[in-house]
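Take a look at this one chain, the form predicted on its own, written out in structure tokens.
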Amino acid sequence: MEISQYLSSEPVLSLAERLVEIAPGQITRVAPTVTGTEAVEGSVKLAREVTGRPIILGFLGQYHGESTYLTAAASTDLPSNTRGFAQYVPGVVLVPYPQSFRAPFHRGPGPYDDTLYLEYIREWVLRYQVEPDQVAGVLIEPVAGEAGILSPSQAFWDGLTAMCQEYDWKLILDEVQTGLGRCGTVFAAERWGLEPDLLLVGKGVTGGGQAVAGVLGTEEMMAGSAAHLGGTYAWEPAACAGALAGLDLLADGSVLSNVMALESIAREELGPLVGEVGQVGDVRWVGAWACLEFVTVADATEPAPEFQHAVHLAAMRRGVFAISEESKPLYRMQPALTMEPELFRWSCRQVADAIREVAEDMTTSHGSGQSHSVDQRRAPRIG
């Protein structure tokens, strides 16, 4: 039997050193894991070990992996994702993830001040559910991808980090999806000046399709830890070599510049659709990520998943393939970080035309007295 991390190698050490070099804040240490799920589990162990506290504060709508514990207790973007096997376990308190388009206890679309989510934590959760000195850490994605590219404001982050300092909560940033260039900076934390106690990596750090993930942390969090965070095949040398090659591509800044160009294109091409097409409730973009959220009618928040999926099919007929689920009102575009800007601009325009087509079809069907429907002609299934 081989347990790769028991016998280190030059690529393993080089990758650890490179990750520490590019990490924000006071990150000095790395614990290898194989998957992002393991990294999240490891971060919970570390936060509880260092603080001696039992509770993790998490946010509804995030995605933290596929273990039984986390799919039950660290939230998911759809309740159907854990139907039939969710285990409701203690140790995690969940609050709404901040966003400005829709907010709890408010009717209609925003924009809303997303610092109200901090007020909810302070005035309701800490008053009625859990005392501050029982919370070990805050587990949060800097951008909630599965929930629709939700990106909190600087004011929210300033308030959250102030609460962490006030109550000695450890800030755990899950950057498995957001890290390594996706948001236009090496880590999304840099966009808001965040200095996490623990930083989780995966997905974007891999090279050549071989699994690499890990927990990055400060001296306080990891220097004296006895927690086991690794796996039998954590950081195989070939996987590390691939990851290092990927980091090389980020080194000169050209990829990050390209990502910011893609962000500008999403803003220019997709942003105006909110005022043009009533069913486009909100458009959000961060780096090489964009999301359109569809609603039934203008100036409302009732989700329109059927409209969204019809847009997806219409866009596929035009040659654009993005992330769509039939039960969601969210259409997510996630281009390669190196995609040529003009190709992405073309893709955005195809999506915009697909939206106009579906909206026109709906208007025509209503005008002719037909029952409410949109074009559901099937495109070939992939996956």
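Keep in mind that what you see is a predicted model, and the values were worked out from it rather than measured. The first residue of the shown sequence is 1; numbering continues from there.
What comes next is about the form predicted in complex with a small molecule, which is not displayed.
Could you tell me which stretch in 106-114, 302-310, 154-162, 176-184 has residues with non-hydrogen atoms within 4.5 Å of the small molecule in the predicted bound form?
-> Selected range: 176-184.
Even though the small molecule is not shown here, does D197 get within 4.5 Å of it in the predicted bound form, heavy atoms only?
-> Although the small molecule is absent here, D197 would stay clear of it in the predicted bound form, with no heavy atoms inside 4.5 Å.
Applying a 4.5 Å heavy atom distance criterion, does R122 contact the small molecule in the predicted bound form?
-> No, R122 is distant from the partner.
Contact between G58 and the small molecule in the predicted bound form at 4.5 Å, heavy atoms?
-> G58 lies outside the contact set for the small molecule.
Find out whether any non-hydrogen atom of V40 is located within 4.5 angstroms of the small molecule in the predicted bound form, and reply yes or no.
-> Although the small molecule is absent here, V40 would touch it in the predicted bound form, with heavy atoms inside 4.5 Å.
Decide if the three candidate residues E49, R53 and G137 all line the small molecule in the predicted bound form, where lining means a heavy atom within 4.5 Å.
-> Zero of three within 4.5 Å in the predicted bound form.
Name the single residue among K203, R102, R267, R191 that comes within 4.5 Å of the small molecule in the predicted bound form, judging by heavy atoms.
-> Checked against the cut-off, the match is K203.
So which of G36, P329, P32, P335 reaches within 4.5 angstroms of the small molecule in the predicted bound form, heavy atom to heavy atom?
-> None of the other options qualify; the answer is G36.
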